[in-house]
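Encoded as structure tokens, the following chain is the form predicted alone, with no partner shown.
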């Protein structure tokens, strides 16, 4: 598997589980004691370590990481030079040759996300390599995405601190982001192409409902795309002010839109009671969520969620159905859609399919990393 390009080490790959500490760089040998690869040990939900190189003569040092970052930068030159988009995924873990680390660029500030103690053991070498390889870095933040009792969840670690909010552009639209406010920044960069499709194809003169709306990025794209009205619904209290801000930084009056802080499922009942229906409905729920009233999981509840949405989507209206659940295959997601429309006795047509945008580079030998599935579906 490793020689064929599979990047993850699994416990069952070892004759006996290694006792070396996390972060240790190890040589992997086959049954004949022949070199297979170098890897580092790290426990995270995907496995027990990541492959670094299949080249026996390649050292794992600062220049190794520098090479990876230079290569990543070269592959994203068109994004770097695009003045209409100033935020994107600069380095995408195993897709760019180093599992356990992602780096996002926000207007020349960079956000490192570390996914295990093992990769974090190399933090200083990796940061030096990055600063050597990448010019014009204004500042660096880091997010600790593994359980740690000693590290803060988010921290500014190099250069200037970003203004709050930091305004970035995406396909010409402005978004307010916060680089040092928990694990989230205010926008999910992997949905860039979907937002652009909403802007260009599914907004003009349409009523648009954005469920699980977070900071309202889809709603703003729809409003700028000419939507007659947008409605954003999210259970989190902070979604109200955050969504208002996203409209305001684009010189749009949030008072002309509807922003509701409420359980999305309660909103469906409210919409039916008030006889509200929509031309375009966007649904991008978390993989798993728990509120005081209910628990939601994509695996168990997505079909029922779509059935509720079908009820409040106009005839010939469009549903933009999304999930980032890595454990849900494309085939299973398509089955959710088919079951929902069958249960409602409705026909449908799939207009578009989206996966990760090109900056979210994936390892072709590790399909689990291609987690995003977005289907644009016409009802009726």
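All values derive from a computational prediction rather than experimental measurement. Numbering follows the first chain given and starts at 1.
Absent from the display: the form predicted together with S-adenosyl-L-homocysteine. The rest refers to it.
Using heavy atoms and a 4.5 Å limit, would one call residue 77 a contact residue for S-adenosyl-L-homocysteine in the model of the complex? Residue 77: no, not in contact with S-adenosyl-L-homocysteine in the model of the complex.
Would you check, heavy atoms only and a 4.5 Å threshold, whether residue 217 touches S-adenosyl-L-homocysteine in the model of the complex? Yes, contact at 4.5 Å.
So in the model of the complex, does residue 226 come within 4.5 Å of S-adenosyl-L-homocysteine, heavy atom to heavy atom? Residue 226: no contact with S-adenosyl-L-homocysteine in the model of the complex.
With the cut-off set at 4.5 Å between non-hydrogen atoms, does residue 159 touch S-adenosyl-L-homocysteine in the model of the complex? Close contact is absent here: in the model of the complex, residue 159 is far from S-adenosyl-L-homocysteine, nothing within 4.5 Å, heavy atoms only.
Can you pick out, from 234, 104, 142, 96, the residue that has a heavy atom within 4.5 Å of S-adenosyl-L-homocysteine in the model of the complex? Checked against the cut-off, the match is 234.
Contacting member of 188, 278, 178, 120, with respect to S-adenosyl-L-homocysteine in the model of the complex [4.5 Å, heavy atom]: Spelling it out, the residue with a heavy atom inside the cut-off is 188.
Segment that reaches S-adenosyl-L-homocysteine in the model of the complex - one of 145-153, 257-265, 166-174, 132-140, heavy atoms within 4.5 Å: Contact criterion met by 257-265 only.
Of 283-303, which residues get within 4.5 Å of S-adenosyl-L-homocysteine in the model of the complex if you count heavy atoms? If the 4.5 Å heavy-atom criterion is applied to S-adenosyl-L-homocysteine in the model of the complex, 283-303 yields 284, 286, 289.
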